[in-house]
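Let us start with two forms of the same protein chain, each given on its own as C-alpha cells and named structure 1 and structure 2.
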Structure 1
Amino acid sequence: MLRYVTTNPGKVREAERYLPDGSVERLDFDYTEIQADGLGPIAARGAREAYRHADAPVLVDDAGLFVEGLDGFPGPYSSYVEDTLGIERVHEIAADLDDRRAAFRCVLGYCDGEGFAASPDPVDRGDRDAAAAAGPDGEGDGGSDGTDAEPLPVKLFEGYVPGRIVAPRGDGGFGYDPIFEHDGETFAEMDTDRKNAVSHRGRALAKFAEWYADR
C-alpha cells in the first residue's frame, strides 16, 4: 500500500484518480519543509523523512504558486502565504501588476527504502548544505540537519501548468484554485477530472503512475 503523505485531503482526492483502487491511502504526517528556493529539495528531504516515519512506500507532494510579476513569489512559501495573507490578498497584490501570469508547480517525491535509479539530488542556492551532503554522485542523503544518517534513494516527478491570477471564481478545488485561471476557467470552476487533465499535480501524477506501474 502506497502512503500519500500530506495534511491536505484535496491532494489525495486528485491523486486517487491515477492509482488503482485501494492502492493508496493518505498518511496525515507533517514532514519538515526545509527552507529552499525550489520545491525539489523540499520534496526529496520530505520523502526520506516520511519513509522513515511510515516504514512503508511513501509519496510526498510539494506544490506552489509562482507569480511571474512577483519573481516567482510565493513559490515554496505558498502555504505560509495562504495561511497569513490569504488568497484574496494575493489576488489584490497581483491585480496591481502589469504581469499577472503565474504557474503552479508540483514535485512528487517517492521513497520506498529500496534501491532504484534515483533522481539526482535537487540542488539550489538555498540548499547548499544538501548539495554538500549529496556529494559528487548526487545520490547522497541530502539532509542538512544530521537526521538523514543513511542515503535513501528518492525519485522525483514534476508537473507544471501556466495560467494567470484573476479575481476569485468557483467553489471547487482547494487552496489557490479560485484565483488561478487556465484556458478561461479557474481551477475552482473545474471538476476534479478536468483539473487533473491539465494541472501541475495531474501531470506529475501521470508520470509517477507510469513509472510505478512497472515497479
Structure 2
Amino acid sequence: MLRYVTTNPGKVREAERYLPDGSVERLDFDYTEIQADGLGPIAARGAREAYRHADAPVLVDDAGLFVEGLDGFPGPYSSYVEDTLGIERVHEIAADLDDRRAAFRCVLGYCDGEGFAASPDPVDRGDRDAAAAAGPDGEGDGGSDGTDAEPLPVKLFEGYVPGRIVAPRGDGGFGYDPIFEHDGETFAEMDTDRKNAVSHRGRALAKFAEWYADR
C-alpha cells in the first residue's frame, strides 16, 4: 500500500485517478519542511522522513507558484506568502510587471527504502541514487533522531502548467487559483475535473504512475 503524505483528502482522490484501485491511502504526518530554493530538496527530505516514520512506501509532494517577472517568487515559499501577504497582494505586485507569465509546479518525492535503477528518461529526471538521496547540501539528512544514517534514495517527478497572473476571478479552487489563468480560465473558474486534467500535480502523478506500474 502506498501512503500519500498529506492532510488534504482531495490530493488522494486526485492520485486515485492515476493509480490502481485501493493502492493508495492518506497518511497524516507532519514532516519537517526545510528551507530551500527549489521544490525537489523539500519533497526529497520529506519523503525520507515520512518513510522512516511509516516504514512503508510513501509519496510526498511540494508545490508552488513561480512568477517569471519576480525571478520565480514566491516559489517554494508560496504557502508562507499566501498566509502573510495574501493572493491579492501577489496580484498587485505582478500587475506592475511587463512579464506576468507564471507557472504552477509540483514535485513528487517517492521513497520505499530501496534503490532505483538509473535511467536518463524524463520521468526519472536523470537522477541517480546518490544524487536523489542527497539532502539540499549534498549530504544525507541523517536519522529522525538526529544521528547519522545511510541516505535513503528518493525518486522525483515534476509536473508543470504554464499560465499568467491576472486579477482574481472565479469562486472555486483554493490558494492562488483565482489569480492564475491557464488557457483563458483561472483555476478558480474551472470545475474539478477540468482543473485536475491540466493541473501540475496531475501531470506529476501521471509520470509517477507510469513509472510506479513497473515498480
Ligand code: ITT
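Residue indices: 1-based, along structure 1. Here, rigid core means the biggest group of C-alpha atoms that superpose within 1.5 Å across both forms. What you see is a predicted model; the values in this text were computed from it and never measured.
Comparing the two isolated copies of the chain, the first one is the form predicted in complex with the named molecule. Once the rigid core is overlaid between the two structures, G172 counts among the residues whose Cα shifts by 2 Å or more. Lined up on the core, R13 has its CA atom moved by 3.2 Å between the two structures.
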